[in-house]
Ligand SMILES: NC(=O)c1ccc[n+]([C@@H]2O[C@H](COP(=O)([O-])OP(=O)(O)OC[C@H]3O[C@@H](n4cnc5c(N)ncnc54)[C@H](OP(=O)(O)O)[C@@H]3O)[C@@H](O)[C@H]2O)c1
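In structure tokens, the next block holds one chain alone, the form predicted alone.
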Amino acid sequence: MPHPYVLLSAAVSLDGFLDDTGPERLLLSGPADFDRVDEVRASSDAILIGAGTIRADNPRLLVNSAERRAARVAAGRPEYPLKVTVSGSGDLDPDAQFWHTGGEKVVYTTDKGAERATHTLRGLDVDVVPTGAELDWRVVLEHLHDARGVRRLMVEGGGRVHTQLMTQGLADELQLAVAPLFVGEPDAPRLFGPGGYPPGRMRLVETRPVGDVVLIRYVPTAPGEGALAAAADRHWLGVACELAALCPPSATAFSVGAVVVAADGTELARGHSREGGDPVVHAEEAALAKIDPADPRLRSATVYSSLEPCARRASRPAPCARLILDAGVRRVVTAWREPDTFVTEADGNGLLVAAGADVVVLPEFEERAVAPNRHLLAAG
């Protein structure tokens, strides 16, 4: 059964702790990283935390930026992502901020826990979903995908939730913000506990400073080159869709994100529609413009684009499919074929293939690529 793309997000100390043992929450991130997390939340369909995190931190779990919320609404999405929690016992505090802020909420629990949660949360607009005698993560993810339309799920903890999803092989990406401090308390909560983790090394897909913390992004890998390539394709096309969701809305052009990635997994550049205030710049064009045309890595690189690269356009001399070919790139991964909204008989993929490029379409990402453009399709 299909699942959402599951992104585990956490801030940790240099020695791997989520918090210390003091009465107040240890702030590991700074303002720049809090803003990054807000951006990731805005790009997600749902945000999940465990009931223990609700009890310990009493979070609101909101998208704080008014601009990002407005962009979600303009794209036909709810102002806030769905808020999700899991609790085997159904022991939940009805006064927690989680229930009284943001948009829709859902609780996944056991059959027995559902009775307790339904009673405890009576009078609140919360959907309580039992998963059986035990809390079953696969049932949770399938229900979120099929019943709630969640295609991208951000998981913000706690450590037990992260451990369960990772050990069961259900995580698609791990985002760690590593803070420049030590906790050093043996009883403090750690990001991961003991368990049977997937074998092998994870694949590093990005590192970058965010204020005084370092963001590290990994994707799990499976044995075999094909599985490794497939995991990388899913990760980077997901990044392209994230960028598309952040484009300034337009009534006359698509919102598209693009990432150019070297064969060794190094990100060379990224771009999105109308980047830098240019009303006609396309995502692939914006990304490629940031790379030295003489960079030898381009010939073995992949362009990941949320929308099929354009084959015809009026705003520039060369369409994006031609820019990709002229750059020497011969592999493109995309999520969505360009509809005839602005250009009839669009066939950027065909132009690329005719020139010898390898084009991969991952239709499971189409809905995420379409989401920031739904108003254009409705108008058409």
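Keep in mind it's a predicted model, so treat the numbers as computed, not measured. Just count from 1 along the sequence shown to find any residue number.
Below, we turn to the form predicted in complex with this ligand, even though it does not appear here.
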| item | value |
| --- | --- |
| Single option in 160, 290, 112, 138 placed near this ligand in the predicted bound form, where near means a heavy atom within 4.5 Å | 160 |
| Contact residue in the predicted bound form, chosen from 220, 130, 102, 90 - any heavy atom within 4.5 Å of this ligand | 90 |
| Any non-hydrogen atom of residue 301 within 4.5 angstroms of this ligand in the predicted bound form | no |
| Any non-hydrogen atom of residue 242 within 4.5 angstroms of this ligand in the predicted bound form | no |
| 4.5 Å heavy atom contact, residue 349 to this ligand in the predicted bound form | no |
| 4.5 angstroms heavy atom contact with this ligand in the predicted bound form for residue 56 | yes |
| One stretch from 252-260, 200-208, 145-153, 130-138 that, in the predicted bound form, holds residues within 4.5 Å of this ligand by heavy atom | 130-138 |
| Contacts with this ligand in the predicted bound form, stretch 164-191 (heavy atom within 4.5 Å) | 164, 189 |
